[in-house]
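Encoded as structure tokens, the following chain is the form predicted alone, with no partner shown.
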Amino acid sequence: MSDAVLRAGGVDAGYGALQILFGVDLEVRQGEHVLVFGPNGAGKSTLIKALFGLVKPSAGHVTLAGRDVTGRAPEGMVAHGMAYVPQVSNVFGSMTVLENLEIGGARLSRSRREARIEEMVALFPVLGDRRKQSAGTLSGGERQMLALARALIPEPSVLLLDEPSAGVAPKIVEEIFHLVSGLRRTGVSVLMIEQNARQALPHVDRGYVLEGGAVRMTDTAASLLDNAEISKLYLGG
């Protein structure tokens, strides 16, 4: 019996008459970190949106902790333990770091919200130094830390990340992946969409190659990195 906390089975999805995903099967197990990668236009962002309820699947199903959540609105996904950090517009730039974190804990009691904020500051110490600073003035790496922290405050069981290295200076990209890898100690399962697959794979357990809206291959991260064909076609080497 699988211990998958998130599963997609035979998912078709798209935008109106334009179908993007074709029978996608995918799972993320408890505490596991999984990467989805592939060429531009493969359907990666559509997949993560379908999992989070931003795009409604036209066929197939999505289950979260064994519960069928297919087609639920994002707020329903959040209520059942899923969090999502989009590629862009993932912080409120006109608000302070602290105000952003408080929004992440809006559903919690005041005491629990304050406790979780302190836990996030311990996890991302730079945010403690920037509490009163406008989020719009943060560096790209700091903004990603804030987006991660805010998503983690409600203690989700699954965290969806869409291109966490986007908009981050090249010298900070590896740091971002280390931060994501460090989330293992929180127990959260992670599904990450990332174009920079060669750098991301060493920080995850398994990967899925998505091309043409379908899963072409899945394997352990180590095996995908060692696969000459995968390297040539999808890893830039």
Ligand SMILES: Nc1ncnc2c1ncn2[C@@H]1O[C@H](COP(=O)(O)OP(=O)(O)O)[C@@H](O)[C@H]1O
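Treat the numbers as computed from the prediction; the structure is a model and nothing was measured. So that there is no doubt, residue numbering starts at 1 and follows the sequence shown.
Here the subject shifts to the form predicted in complex with this ligand, a form of this protein not shown in this document.
Enquirer: At 4.5 Å between heavy atoms, is G187 in contact with this ligand in the model of the complex?
Expert: Although this ligand is absent here, G187 would stay clear of it in the model of the complex, with no heavy atoms inside 4.5 Å.
Enquirer: I'd like to check something about S45: if you look in the model of the complex, is any of its heavy atoms closer than or equal to 4.5 Å to a heavy atom of this ligand?
Expert: Residue-level check for S45: yes, a contact with this ligand.
Enquirer: Hey, in the model of the complex, does G66 get a heavy atom within 4.5 angstroms of this ligand?
Expert: Answer no; every heavy atom of G66 is more than 4.5 Å from this ligand in the model of the complex.
Enquirer: Look up in the model of the complex whether P170 has a non-hydrogen atom within 4.5 angstroms of this ligand, and give yes or no.
Expert: Contact with this ligand, no.
Enquirer: Just one of 37-45, 170-178, 57-65, 196-204 has heavy atoms within 4.5 Å of this ligand in the model of the complex; which?
Expert: One stretch meets the cut-off, namely 37-45.
Enquirer: Along 14-30, which positions have a non-hydrogen atom within 4.5 Å of this ligand in the model of the complex?
Expert: Stretch hits, in order: Y15, L18, I20.
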